[in-house]
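So this first bit is one chain, no partners, the form predicted alone, shown in structure tokens.
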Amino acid sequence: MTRYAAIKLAEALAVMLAVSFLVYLVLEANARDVAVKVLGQFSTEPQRDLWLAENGYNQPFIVRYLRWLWNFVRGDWGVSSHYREPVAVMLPPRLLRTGILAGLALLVMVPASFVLGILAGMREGTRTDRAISFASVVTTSVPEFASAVFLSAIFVFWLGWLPGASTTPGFAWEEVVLPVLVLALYATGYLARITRASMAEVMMQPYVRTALMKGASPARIVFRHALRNALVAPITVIMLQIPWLLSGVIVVEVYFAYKGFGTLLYEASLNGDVALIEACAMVSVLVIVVTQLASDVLYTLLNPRISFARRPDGAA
């Protein structure tokens, strides 16, 4: 591992450590509040005192935090006070369901936004560019809850093609169509505009204009010269969309009663489930850190001038 890569990894670990401390500080600074949330508001003071003593809450805060952090690293994420189940058992199925939802949304929005953005960037100022830009602004301006209501009115109540909620105990493909459409509709327009701006900038570069003057075909110019450089900015947006799709789908999952990670985090917040909130927050931070590290690696593949193995000043 190079020195710069080690620095990036150390920065990622430092971010996770800082966030974990803030999460624990906000949720468990007051030990008696934790006892009330776990045992319920009708529990007695002796019961709370006994629970605090049994679970080590009479120790100093920093000791409790280090013990909690060590248990989390070992996979002991506590027991949900609402569901009465181990958090480590509850999270994987919910993460898988949201992962399927997010993956399908990416499969829809990434190709669509790339095609629309490249077409608009290649034809800057034309009717095609204006039409794509207008549609992108409209779709990006509509929030998820509004588009969810609009699509439900069409496909559920008017046409009757799709279910309006996830009611089956397992997984059904027809139940993910509307959530995927809502997520993709909101993000495709934004990503298309980023791709369009990046593509238009690259098409004005001297090497592209030189290739045009030499008689190279537009397809060859786009795929051999322009596209690779134009995708650097959109890749950044895609990497930012992944953590949003994981923890920012609460509105969509709750609206369609989809039993995923977002719904679980929403229910944990409503019920004051401390252990579950902590685990969900840490999983979200882990996804964000991993996607940012992955974006650094993708930069080197798209643009060799950006080296992940070296510091910005060029030293190894």
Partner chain sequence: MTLFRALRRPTAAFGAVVVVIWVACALFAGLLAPYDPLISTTALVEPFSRGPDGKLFLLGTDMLGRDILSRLIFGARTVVLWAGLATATAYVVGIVGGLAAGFYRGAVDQILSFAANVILSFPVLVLYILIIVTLGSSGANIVLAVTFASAPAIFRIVRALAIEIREQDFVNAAITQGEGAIRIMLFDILPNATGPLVVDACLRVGYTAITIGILGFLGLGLPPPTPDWGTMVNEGRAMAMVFPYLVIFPCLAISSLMLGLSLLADGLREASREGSRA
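Positions refer to the first chain, counted from 1. The structure displayed is predicted, hence computed values, not measured ones.
The same protein also exists as the form predicted together with the partner chain; that form is not shown, yet it is the one meant from here on.
Figure note: of the listed segments 153-161, 111-119, 67-75, 98-106, the one touching the partner chain in the predicted bound form, with heavy atoms no more than 4.5 Å away, is 153-161. Using a 4.5 Å cut-off to the partner chain in the predicted bound form, not one of Val34, Leu52 and Asn55 places a heavy atom inside that distance. For Pro143, a non-hydrogen atom is located within 4.5 Å of the partner chain in the predicted bound form, even though that partner is not displayed.
A residue is said to contact a partner when one of its heavy atoms sits within 4.5 Å of a partner heavy atom; Val297 fails this definition for the partner chain in the predicted bound form, lying far away. Although the partner is absent from this view, Leu293 stays clear of the partner chain in the predicted bound form, with no non-hydrogen atom inside 4.5 angstroms. In the predicted bound form, the partner chain lies farther than 4.5 Å from every heavy atom of Leu9. Contacts with the partner chain in the predicted bound form, taken as any heavy atom within 4.5 Å, map within 265-293 to Leu265, Tyr266, Ser269, Leu270, Ile277, Ala281, Ser284, Val285, Ile288, Val289.
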